[in-house]
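Only one chain is included here, represented as structure tokens and corresponding to the form predicted alone.
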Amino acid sequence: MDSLIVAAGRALAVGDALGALDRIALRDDPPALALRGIAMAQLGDYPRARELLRRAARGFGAREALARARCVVAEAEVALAMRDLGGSPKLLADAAAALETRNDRANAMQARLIAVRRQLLLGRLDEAAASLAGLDASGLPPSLAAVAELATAELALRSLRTAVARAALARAFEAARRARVPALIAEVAEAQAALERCAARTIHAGHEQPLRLDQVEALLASDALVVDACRRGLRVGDHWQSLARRPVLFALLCALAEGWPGDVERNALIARVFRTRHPDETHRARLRVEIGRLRASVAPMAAIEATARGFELVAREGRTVAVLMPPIDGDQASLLALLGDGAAWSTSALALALGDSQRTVQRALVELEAAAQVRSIGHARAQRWLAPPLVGFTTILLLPAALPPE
């Protein structure tokens, strides 16, 4: 390996992409193409980075399996940054196995961590936890150790284990500081700041209060009956009843919980759930039917009792009632939370992460674009979607598969 390639590689290791390009920008041999691809990725030109890495992989050929596997890993990281999540993970797994066979432990770990980060983006928390459990991060370079701890912290945050997340972030910060990579230090600092921001709101006995993630964790671990509007369900301790697929029942439950400990008028419930200010007998009959269905659904944890003017929610065993609200309202809050990470997402990747069809996501994006909440760049298959960052709070609870049921 010539001295310019070695010097460029060292520059990239500390995040000096321009310094690396100064040495190899005019070269088209496979090692230089690979390093140029990594440099372009560090500069944010992902399409160019992917093209260079593919040329490098083709140039290495079948005989240089180690170099080809490294190119596959680098391209997978670029795909992750582009939020191109539709590819098969098998290619990356094969590359990781090839690297391990040839004792390139650092790049093999990089491949495994890319797979974990992809699983986290898609909300596959169980798969991410299983993958992380099988990784041995001891003896890794500081930059990789920081990435591994960041993945551990994100998994803990999305599972609402804030103490575990804080400890992982402290280790990540120390590793990032030793790596001396400014972008990594900034990423860890941003994750730490999220712990101190508002993550949700609670409505209790008519009073609304912002909550940090640790306060949400404490609320869900308490003895209170929690109507969870982040995941659309009802929780008491370890008992969880989802109403995510029954929007009318959940809207009724929310209205009753917000009115607790008092009752809620029938016409107010009709206006909230059926969206009409002029109720008639058919609306009142439908309300009775839906209340009956709600009674049956929540019976193990609460009762719905009729009063002279409406209905009231009564928690079993004298528990208090709290409503856990997301930091932002609206049906597209999860979509905005995904786009709020600052990356440019494709429609297909958003659909994959949300578990919706591409047509459904496309319709939602068009509505958000009309409301100036998102913008698109590119056309056809190259089209990507961006949104301004959601400042002042963290969107952890809005991300797919956050707060998994037991």
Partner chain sequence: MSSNDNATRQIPTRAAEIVREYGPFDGAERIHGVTHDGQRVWAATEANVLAFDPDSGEVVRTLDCAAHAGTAFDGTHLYQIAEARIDKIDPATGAVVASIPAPGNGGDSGLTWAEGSLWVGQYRDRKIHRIDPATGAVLRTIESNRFVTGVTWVDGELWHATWDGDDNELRRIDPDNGEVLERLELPHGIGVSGLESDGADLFYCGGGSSGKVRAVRRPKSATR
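Note that the coordinates shown come from a computational prediction; the quantities given were computed from them, not determined experimentally. Residue numbers count along the first chain shown, from 1. If you superpose the two forms and keep the largest set of C-alpha atoms that fall within 1.5 Å, you have the rigid core.
Absent from the display: the form predicted together with its partner chain. The rest refers to it.
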**Asked** Okay, which stretch from 27-35, 358-366, 345-353, 41-49 lines its partner chain in the predicted complex, with non-hydrogen atoms inside 4.5 Å?
**Response** 27-35
**Message:** With the partner left out here, check for me: in the predicted complex, does some heavy atom of residue 384 sit within 4.5 Å of its partner chain?
**Reply:** no
**Prompt:** Would residue 379 show up as a contact with its partner chain in the predicted complex if we use heavy atoms at 4.5 Å?
**Reply:** no
**Prompt:** Does its partner chain get within 4.5 angstroms of any non-hydrogen atom of residue 180 in the predicted complex?
**Reply:** no
**Message:** Since only the chain is shown here, I'm wondering whether residue 197 would be in contact with its partner chain in the predicted complex (any heavy atom pair within 4.5 Å).
**Reply:** no
**Request:** May I ask whether 2, 10 and 102 all come within 4.5 angstroms of its partner chain in the predicted complex, judged by heavy atoms?
**Result:** yes
**Asked** Which residues, if any, of 53-78 lie within 4.5 Å of its partner chain in the predicted complex when only heavy atoms count?
**Response** 60, 63, 64
**Message:** With both forms fitted on the core, check whether the Cα of residue 374 differs by 2 Å or more between the shown form and the other one.
**Reply:** no
**Prompt:** Superposing on the rigid core, does the Cα of residue 34 end up 2 Å or more away between the shown form and the other one?
**Reply:** yes
**Threshold 2 Å Cα movement between the shown form and the other one at residue 69, rigid core reference** = no
